[in-house]
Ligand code: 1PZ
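Only one chain is shown below, in structure tokens, and it's the form predicted alone.
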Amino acid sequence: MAPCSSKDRPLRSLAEAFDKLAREFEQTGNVDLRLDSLIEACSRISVLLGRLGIAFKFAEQDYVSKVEDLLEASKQHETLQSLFDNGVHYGSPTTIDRHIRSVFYVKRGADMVKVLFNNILESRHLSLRECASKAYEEVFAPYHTWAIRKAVTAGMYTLPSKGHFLRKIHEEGKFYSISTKQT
């Protein structure tokens, strides 16, 4: 079997993109992130959401639309700080700029993926549905209405098995050989 490239391994691709983003941040020493670099890293998350199957199809589409919204915003704003400054300057206390809402949603998507994989690593005995449900409850549920929370709960039952999901992202076996102990 031929080795998989980074492109074939969405988790690895995501990690590499966020490592690159972290290096840019460390090199510049600037707390202001370039919007195009952030979009590049965050765009990798949708691939993982897509591999979760039909249960996450709506989430994937919604996430992609928010990343595309940020891509549109990057034509006018080079940095995340510029985007926020513009929203604060022209916004009102009761309305939040659409692009800023997209930033928050994209950040929550990144948080969801982080918590999901932490759950997979830390709770090897749990199913993918249980890991994803815990991640959803922590990250998105506080912002969703009762109806959306119930729909998401029902959709969790259509998730693939943990093994099948890990095979789909070409990471099977790797999560079970990684030590989760803090050193």
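Note that the structure is a prediction, hence the values are computed from the model and not measured. In this text, residue numbers run from 1 along the sequence as written.
Form predicted together with this ligand: not shown, discussed below.
- Site residues 18, 35 and 67 are none of them in contact with this ligand in the predicted complex, judged by any heavy atom within 4.5 Å.
- Looking at residue 116, you'd find a heavy atom of it within 4.5 angstroms of this ligand in the predicted complex.
- By the criterion of a heavy atom within 4.5 Å, residue 148 is counted among the residues contacting this ligand in the predicted complex.
- Contact check for residue 52: a non-hydrogen atom falls within 4.5 Å of this ligand in the predicted complex.
- The closest non-hydrogen atom of residue 41 lies beyond 4.5 Å of this ligand in the predicted complex.
- Note on contacts: among 100, 80, 112, 73, the single residue with a heavy atom within 4.5 Å of this ligand in the predicted complex is 112.
- For the stretch 43-59, the set of residues having any non-hydrogen atom within 4.5 angstroms of this ligand in the predicted complex comprises 45, 48, 49, 52, 56, 58, 59, in sequence order.
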